[in-house]
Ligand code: GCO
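Below sits a lone chain in structure tokens, taken as the form predicted on its own.
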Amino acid sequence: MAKYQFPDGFLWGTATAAHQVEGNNTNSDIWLMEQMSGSMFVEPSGNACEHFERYASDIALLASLGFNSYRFSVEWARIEPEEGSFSDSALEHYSSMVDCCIAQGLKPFITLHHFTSPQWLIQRGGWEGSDTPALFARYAEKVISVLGSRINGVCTINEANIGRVLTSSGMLPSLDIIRQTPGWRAAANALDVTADEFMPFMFAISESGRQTIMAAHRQAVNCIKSIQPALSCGITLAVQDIVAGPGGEEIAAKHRREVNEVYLNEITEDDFVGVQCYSRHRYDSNGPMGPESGVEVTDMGYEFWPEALEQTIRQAYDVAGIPVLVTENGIATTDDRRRIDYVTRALTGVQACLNDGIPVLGYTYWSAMDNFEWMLGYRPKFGIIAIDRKTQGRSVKQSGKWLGDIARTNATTFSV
């Protein structure tokens, strides 16, 4: 089969999120929620993958596989553990991570917010608070003043639409139901706010929450550009491949507008949009349909449907009209052969987009290592590197070697 050569400068990376891999993120809202009796989290994150201590060897391992970029998040709850008090040691830590990437030949891309927030922010109104955009921009300014001259790009906020995605697809119940759960109420009580006032990022699904998130993004970009005008800035979205089943055309179109397009329409001036996609979501006249009979299901419970990535890249570009960076794509499975098949089919879609002239800047696999998958704990295995939960030993999976070889050669032997 003919070789497919990707464009010069194409980014090949993997991604992690601080809370999911670093461990002991004790000042964050999600850490608090994990500890509560009756929590919606099946287990606490604990030491996670100890990436906070092991980042140098982890980064070296990724570089040795052949990747040329690494997307990781910096943790607001570590950098500003108390309102207005910034930790020099935390900033120095992430500065060292950037230097380590550069030394290993990896282009560092940072995410300023990946779901977790300082507990003090939640006490201030969280992601419906009127002061949150300015507070986030102040934090962004502090981080970029230290890291900005050495990084290749910044994602302000990870999956700005995640709350709406989880509820509209039926993966989470309504917020009214969630607010009645013991763990939610206990976490709110611990911060001396009401259950209605408790507003972590992933649950900011109201129009007020959406506006707060997007205002935080815009103010952060303005701060970043005032410091580093040439630094590439964007936001990442969980762009959904929303498909209409029988009688579902109207409701599918509604979800497509509310989950995808309303966000894409607001970022047309950004340098790029980070597209994150894992599967498709089907809707009929009654709402979410669930997996189609006979279609393979991943360990996350949704369809094995890598073709969704191509469709979401196309939608993002059609609506926003800016370059696309695939900032997350992957599969939770214990069968590594299925991971290779999934990525093969996903990359075939990326090739098709490139062939049609869509400016796709790169492909980032989620995730670098098996990690803490939020409410589902450590059961789902997304990583190309396995983590021994007892010893913290690292083992590269065959998929990691395979994808690293593609990255090293910037080419595949499968093509459209």
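Numbering starts at 1 and runs along the sequence shown. Computed from a prediction, not measured in an experiment: that's the story for all the values here.
This protein has a second form, the form predicted together with this ligand, left out of what is shown; the following refers to that one.
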query	finding
Contact segment among 62 to 70, 352 to 360, 28 to 36, 365 to 373, judged by heavy atoms lying within 4.5 Å of this ligand in the predicted complex	365 to 373
Interface residue in the predicted complex among Asn158, Thr312, Thr132, Ser117, criterion: non-hydrogen atom within 4.5 angstroms of this ligand	Asn158
Contacting member of Val154, Val273, Ala220, Ile162, with respect to this ligand in the predicted complex [4.5 Å, heavy atom]	Ile162
4.5 Å heavy atom contact with this ligand in the predicted complex for all of Gln20, Tyr278 and Glu328	yes
In the predicted complex, Ala244 touching this ligand (heavy atom, 4.5 Å)	no
Met300 within 4.5 Å of this ligand in the predicted complex, heavy atoms	yes
Partner contacts in the predicted complex for 70 to 96 (non-hydrogen atom within 4.5 angstroms of this ligand)	none
